[in-house]
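Only one chain is included here, represented as structure tokens and corresponding to the form predicted alone.
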Amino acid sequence: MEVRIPKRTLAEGLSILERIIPSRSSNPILTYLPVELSEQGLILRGTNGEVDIEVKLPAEVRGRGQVLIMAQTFTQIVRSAPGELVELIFGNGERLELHSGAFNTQLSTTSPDGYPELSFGPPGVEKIAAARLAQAITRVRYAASTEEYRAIFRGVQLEMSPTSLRAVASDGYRLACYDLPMQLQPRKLVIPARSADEIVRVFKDAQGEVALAVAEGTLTLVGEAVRMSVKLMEGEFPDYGRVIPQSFVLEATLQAEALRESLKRVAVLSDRNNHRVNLLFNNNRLDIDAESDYGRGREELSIEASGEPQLMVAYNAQFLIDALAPIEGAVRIKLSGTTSPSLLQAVEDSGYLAVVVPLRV
């Protein structure tokens, strides 16, 4: 069995798999890379038990078969290979010869027997632009909980309906939603946050569409050259709609980047425990200040406001900064009170909204 493949093509394929294949594992076989020579070219696979990925790479292939190679070693060697072309020769003596430019090496291979079967579902019929799916997840990912005990909140929920795909994340103190208009079969599923990160990493720069299929507790995504399966979390979010305020006492509009950068500067002097910053809305002026044992910071911004002429609300600065990060252009902040949830919306992107609960002072 022999393979001739451009080094860049092989290295890019390995980079897709690299993060999910563990360097060490209680099940050592997971540290190996399954390599298959087929009519479709060179096929690479990997799993960490939660995420399965298969990558098909165009290559000149002679012979058919499959072996396992130590993933980390193989990846490092391919990356450092000096030539533009990589030639792989698979011998019968459990050896792989790798040639690239003036460099030659031999690596041990082993039989694929005992490697776990990857759980790819049936081909999906519902399709979505791969980059748009990654964008929707990226917009809300920051709000997912990192606390072990918060169970379902450690995931990103995808809600499919005849009118939209909605991505939702919350840690109980903040909420982020992003809607993409499209027609899908109604269902809800929750992807572990770390698995959601892998979906974003693999598909954010992908061209074309990805097909979605849900079966037996897994979501399978099939792109042009990549097939991915992620295990889903059991359950769904509580009725988060109840925390989205519907009436407001004050609304203010300003540039998201200006507010975000101002918060970063002032928050340097915020309390280390709750990162408190005070926002005083005073007609068409916003005063931002923070105080701690290290000193006090203050900054003033111009805003367009309506409603109560004056209102002061305190927030965890990082929560506001995170909520503003996905917004380009202007942001509209809607306040329902000094201690009740506040709503942030992108003026130029109606699909995104965030809810942040103020600090009680």
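Predicted, not measured: the structure shown is a model, and the values here were computed from it. So that there is no doubt, residue numbering starts at 1 and follows the sequence shown.
Below, we turn to the form predicted in complex with a further copy of the same chain, even though it does not appear here.
Although the partner is absent from this view, S108 contacts a further copy of the same chain in the model of the complex, with a non-hydrogen atom inside 4.5 angstroms. Put simply, D293 is close to a further copy of the same chain in the model of the complex: some heavy atom of it is within 4.5 Å.
Residue contact check for E50: none of its heavy atoms lie within 4.5 Å of a further copy of the same chain in the model of the complex.
Contact annotation for E304: none of its heavy atoms lies within 4.5 Å of a further copy of the same chain in the model of the complex. Stretch-level contact check against a further copy of the same chain in the model of the complex with heavy atoms at 4.5 Å: of 263 to 271, 145 to 153, 215 to 223, 129 to 137, the positive one is 263 to 271. Though a further copy of the same chain is absent from this view, in the model of the complex it lies within 4.5 Å of a heavy atom of just one residue from S247, Q183, S80, N283, which is S80.
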